[in-house]
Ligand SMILES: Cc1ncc(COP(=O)(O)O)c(C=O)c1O
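The data below hold one chain only, encoded as structure tokens and taken in the form predicted alone.
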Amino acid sequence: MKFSTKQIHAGREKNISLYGDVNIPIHQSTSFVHDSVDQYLEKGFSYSRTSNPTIELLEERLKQLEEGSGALCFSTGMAAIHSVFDGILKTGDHVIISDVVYGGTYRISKAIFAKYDIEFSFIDTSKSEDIKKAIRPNTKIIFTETPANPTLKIYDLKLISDISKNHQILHVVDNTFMTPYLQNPLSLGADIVIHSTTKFFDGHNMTTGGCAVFSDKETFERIKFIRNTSGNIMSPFTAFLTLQGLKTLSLRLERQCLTAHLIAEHLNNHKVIERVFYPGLEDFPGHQISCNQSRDHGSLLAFIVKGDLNTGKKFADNLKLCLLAENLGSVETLVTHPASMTHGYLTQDERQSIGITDSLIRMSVGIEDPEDLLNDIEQSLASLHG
């Protein structure tokens, strides 16, 4: 099946309702009854903290979309990252993480796992020599996110995967910004792909969830054990809603990518915009890599409004159609001010060093009419000098 068919039908043959439901039902049950102990051992479902038919269908669908060997769904995207780290790392290990990643990834590394004497090096993983220099005998993971949050920095997934394999290190990729419709890290050599299903898979601001998709069964089983033990599995209701959102993923993204490119082009030579970050722009660093490893350039863009911290905040505050909200990937266009919101955990020096300036704006483009979005952006920019 092609992608647009798989996002609707993949896994259905394994999860058919007795009543022929078009929408696979929510199995809102804590436990499952068995006729015998032997059946209990064979059936596969016993307790919904371990597995559940609705969640399993979503996992099967995501596994096929990402072309992996197994998938696991979690309560949030951060729960997925936590479980992957927990299942792979031990005291004394070392992790390399791209210098530009989601603020929550910084927090979980520095505030949680660092307490257990696990070391983290945040480096520029767009430079292969920097990666090689950072590798130590105890390095267990190279973690990348591309395009990166919020500056859309591009990392060469195939190159990093090759380096990882040469050193027997796992390459973990946060693919939330691109989804498997636009980019398939496992096919480029990555070992684990992570998503916040809250974003594009849901697409409608209804749920929080996460998933991890694995290239091999052994790692899949290790992380499945961690999820069962810690109990951070996705809820059946969230899985049901995510399955509904997933059915239109490709259609939404086609519109979102088209509009994002249009807005980026419009702002690229704007008199009050200092810089635009969008991989689809030909002069954007990493543009060619993005062309090589992705089917399109995504629906996220960022731009620096000329001015200071208050200028950036005022622009975000004065938008009327675009919503000021800390999420992305939904049908609504959402805007954040990273210095105050998603990356507020970092110090100003840390933010500045990776290009997150005080007046940087991140925009997740929705499916609204492009002209309406451009009008809203223009009226807010005009208000800065009113």
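When you see a residue number, it is the position in the sequence shown, counting from 1. This structure is a prediction, so every number in the text was calculated from the model and none was measured.
There is also a form predicted together with the named molecule; it is not shown, and the following applies to it.
Q: Please tell me whether any heavy atom belonging to residue 77 falls inside 4.5 Å of a heavy atom of the named molecule, as the geometry stands in the model of the complex.
A: Residue 77: yes, in contact with the named molecule in the model of the complex.
Q: Taking the shortest heavy atom distance, is residue 356 within 4.5 Å of the named molecule in the model of the complex?
A: It does not: once the named molecule is placed as it appears in the model of the complex, residue 356 has no heavy atom within 4.5 Å of it.
Q: Mark residue 174 yes when one of its heavy atoms lies within 4.5 Å of a heavy atom of the named molecule in the model of the complex, and no otherwise.
A: Residue-level check for residue 174: yes, a contact with the named molecule.
Q: Quick one: does residue 191 come within 4.5 Å of the named molecule in the model of the complex, counting heavy atoms only?
A: No, residue 191 stays farther than 4.5 Å from the named molecule in the model of the complex.
Q: Could you tell me if all three of 151, 260 and 338 have a heavy atom no more than 4.5 Å from the named molecule in the model of the complex?
A: Contact check failed for every one of 151, 260 and 338.
Q: From the list 83, 125, 299, 196, which entry has a heavy atom within 4.5 Å of the named molecule in the model of the complex?
A: So the residue touching the named molecule in the model of the complex, by this definition, is 196.
Q: Would you mind picking the one in 155, 315, 303, 102 that has a heavy atom within 4.5 Å of the named molecule in the model of the complex?
A: Looking at 155, 315, 303, 102 one by one, just 102 meets the 4.5 Å heavy-atom criterion.
Q: Based on heavy atom distances of 4.5 Å or less, which listed stretch (159-167, 220-228, 143-151, 266-274) is in contact with the named molecule in the model of the complex?
A: After filtering at 4.5 Å, what remains is 143-151.
Q: Does anything in 321-352 come within 4.5 Å of the named molecule in the model of the complex by heavy atoms, and if so which residues, in order?
A: Contacts from 321-352: just 328.
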